[in-house]
Ligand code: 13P
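Okay, so here's just one chain, in structure tokens, the form predicted alone.
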Amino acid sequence: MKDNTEELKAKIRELKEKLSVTVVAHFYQRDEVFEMGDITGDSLELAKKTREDDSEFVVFCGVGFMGQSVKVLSPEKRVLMPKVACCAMARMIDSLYFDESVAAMEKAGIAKENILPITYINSNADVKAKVGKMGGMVCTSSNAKKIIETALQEGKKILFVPDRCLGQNIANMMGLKSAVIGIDENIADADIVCYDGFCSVHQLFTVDDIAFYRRKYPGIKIAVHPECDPAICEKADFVGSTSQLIRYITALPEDQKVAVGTEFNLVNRLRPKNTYVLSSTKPECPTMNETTLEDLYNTLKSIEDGEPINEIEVDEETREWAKVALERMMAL
């Protein structure tokens, strides 16, 4: 198996040298695929860096909404995905569910013109387009607080989709009131009204896991992603996006133990000692892990053969409005 892996890596490197192509890999990709990335990072970093790249082809190792975002921001690029995997959170909302969320707020007595939508970048292009049309914008876990602070200056109610946990955690950080559509009865009193979506991986972490590690290793630090449940974030020593977690953890003294509540592949490669996964089960994103070295090789080979596979397309109207929502984020 190892020999086959090294052989595939060599073939991939050879094709990358021959072709006008940039391989992009998200932090949650399996190690052998991540190692092949010319550009690596979290959602915001990848959106910025890929936009500045001048290769004809972008081969994106991640999940579907990420490839869409590249195509929306850079329509001249040809974007391929070795595996068009779909983020489970992104699948929880579409344009119809978005419209129903707006209708629920209107039913609660909030006029549509007083609603400002913000969508987490973990959403498909049709939702980003709906948000753009309503004057809203995209956010990531690293800039969500800044985006919401800016949005609130308009004096409107925030509709935050699709991740309720991120919305609730930002509200808690800012001393604001949040409510979840379909769960909380009185959403009209909330500053931030959240859609009831979530990340299945980040739901694996529990307060019992935190208690276990604090008992076993007195003085341990707990660092978690804001897609975790608010009860988890309230008991953590640090809450931050993927890039923020990396900076925090790598800056810790070597002998400082830390338990991390985020995706396994990232935690596993953070640092060799005193770093633990905050879970009794392996918190591995199934869709991020669908992409294999063989998939990457086959995609690059299809470019060489003149028959590119798994190319991402976004219709013009959707692209136009989704870009508006993304550009508003980029401007900040």
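What you see is a predicted model, and the numbers here were worked out from it, not measured in a lab. Quick note: we count residues from 1 along the sequence shown, nothing fancier.
Keep in mind that the form predicted in complex with the named molecule is missing from the display, and what follows is about it.
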(request) Find out whether any non-hydrogen atom of H202 is located within 4.5 angstroms of the named molecule in the predicted complex, and reply yes or no. (result) yes
(message) Just checking whether S43 would be counted as a contact of the named molecule in the predicted complex - the rule being heavy atoms within 4.5 angstroms.
(response) yes
(message) Please tell me whether any heavy atom belonging to N122 falls inside 4.5 Å of a heavy atom of the named molecule, as the geometry stands in the predicted complex.
(response) yes
(message) Is it the case that S101, even though its partner is missing from this view, gets within 4.5 Å of the named molecule in the predicted complex, heavy atoms only?
(response) no
(request) Assess the spot marked by R78, D295 and N310: is the named molecule within 4.5 Å of a heavy atom from every one of these residues in the predicted complex? (result) no
(request) Look at the stretches 270-278, 302-310, 49-57, 24-32 and give the one with heavy atoms within 4.5 Å of the named molecule in the predicted complex. (result) 24-32
(message) Using a 4.5 Å cut-off on any heavy atom, which residues of 208-231 would contact the named molecule in the predicted complex?
(response) H225, E227
